[in-house]
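One chain comes next, on its own, written as structure tokens: the form predicted on its own.
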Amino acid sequence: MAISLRAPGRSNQAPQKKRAPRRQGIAGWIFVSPTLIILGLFLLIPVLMALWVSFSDWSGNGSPFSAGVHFIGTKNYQQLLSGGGLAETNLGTSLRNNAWYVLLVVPIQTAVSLFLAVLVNRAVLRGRGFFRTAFYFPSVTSSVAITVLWLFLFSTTGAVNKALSYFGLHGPNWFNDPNGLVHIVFGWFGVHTGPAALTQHTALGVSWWDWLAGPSVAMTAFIIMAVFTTSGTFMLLFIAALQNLGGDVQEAAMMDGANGWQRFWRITLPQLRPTLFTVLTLGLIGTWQIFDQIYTGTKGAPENTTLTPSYLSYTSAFGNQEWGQGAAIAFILFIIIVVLTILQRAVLRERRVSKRRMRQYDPSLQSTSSKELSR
């Protein structure tokens, strides 16, 4: 006769423990299902439809899934990337303009926002709330309204040129000047045409000499506007990060004789790495998607020097009825943003400290290494 040693009332505990996580998982999916349904209907499905349009010859009439719409493969992408026509030239011009815009706006707005955050985070500053509101106010103002204001400020007889005249400077015709800043600087030294190695070789229908022209004077006005309107938003992110930093490390550095710049560069800035990555990522995505300022302001003029991929995608689809090319430009821009974000993450990732550098700061490791050498 077998005697059971199992305690009474414990036979159902294991199944109940297994059911609890399942019930929690089901409850979690139920709670997030409304958000998933909304994202699927208004985000995922339109993206998939646009992807299909980029590989089809849809003319904009009727449904893109009708029988009259045919799959044409990568023809739209080939016309944009290697077609040798106007579509390729416009795409190359827009990418050049936007690349210079990103190259200047992202680091400048990051540096300005970090400077403002450190400035208004100081306890000795009076009226910090006022300055925070004042610096953040342009970020909540309509971009269309600021663009219209910018057109007045940077006109030929605007306030900016008037202020420059007080210093004996003759301001340019900002939004009508297609000359690149780099070419203007070269012109000061008598260089008006590039070498044959740059002028005779092209990429996406644009010569290397034009790729290196720098942002046009008109695009420079948009760069100034972007820094003015976005620095306040990123300032708040840096302020939140600065207020979460502990003061014990700063006090220890002060006792060791570190000055203000050394404490900021060696202690504060490394602790801001996650926030810095967030600010750079958001800035990178936002600057590659510039559209409303161009649409309201110059519409790509003068001479397409303010043309951007987002605006080119809009004009190709809604203006020229080239819906496949418009969708293809959007996905090319999407790939560029993803690749640059991945590269940025690789550059800013946390790196392990080598053992050689750790021995410089840890006495126990120094003694261990000396014993190993003695052996």
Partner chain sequence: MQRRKSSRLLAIGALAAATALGLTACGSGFSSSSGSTSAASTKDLTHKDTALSVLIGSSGPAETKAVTDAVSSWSKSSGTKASVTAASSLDQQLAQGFASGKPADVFYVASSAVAGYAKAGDLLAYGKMLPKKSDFYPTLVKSFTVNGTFYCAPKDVSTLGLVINTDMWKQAGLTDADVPTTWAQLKTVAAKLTTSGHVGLAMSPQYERLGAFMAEAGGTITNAKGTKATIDSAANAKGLSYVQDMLKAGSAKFSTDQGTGWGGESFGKGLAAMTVEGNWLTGALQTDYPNIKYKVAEMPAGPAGKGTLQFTNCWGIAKDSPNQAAALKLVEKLTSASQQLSFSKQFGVLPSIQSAASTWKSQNAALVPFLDSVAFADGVPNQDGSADVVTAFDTQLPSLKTGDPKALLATFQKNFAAVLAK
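Since the structure is predicted, the reported quantities are computational estimates derived from the model, not experimental observations. Residue numbers count along the first chain shown, from 1.
Beyond what is shown, the protein has a form predicted in complex with its partner chain; the following relates to that form.
- Proximity to its partner chain in the model of the complex, defined as a heavy atom within 4.5 Å, singles out one entry of 343, 45, 335, 27, which is 45.
- The listed set 176, 262, 78, 199 contains one residue whose heavy atoms approach its partner chain in the model of the complex to within 4.5 Å, identified as 176.
- Comment: 80 to 88 is the region of 160 to 168, 214 to 222, 80 to 88, 191 to 199 lying near its partner chain in the model of the complex, near meaning a non-hydrogen atom within 4.5 Å.
- Under a 4.5 angstroms non-hydrogen atom cutoff, its partner chain in the model of the complex has residue 314 among its neighbouring residues.
- For residue 35, no non-hydrogen atom is located within 4.5 Å of its partner chain in the model of the complex, even though that partner is not displayed.
- Interface residue remark: residue 50 is not counted as part of the site for its partner chain in the model of the complex, having no heavy atom within 4.5 Å.
- Within this chain, residue 143 is remote from the site of its partner chain in the model of the complex, having no heavy atom within 4.5 Å.
- Contacts to its partner chain in the model of the complex (heavy atom within 4.5 Å) from stretch 56 to 80: 58, 59, 60, 61, 62, 63, 65, 66.
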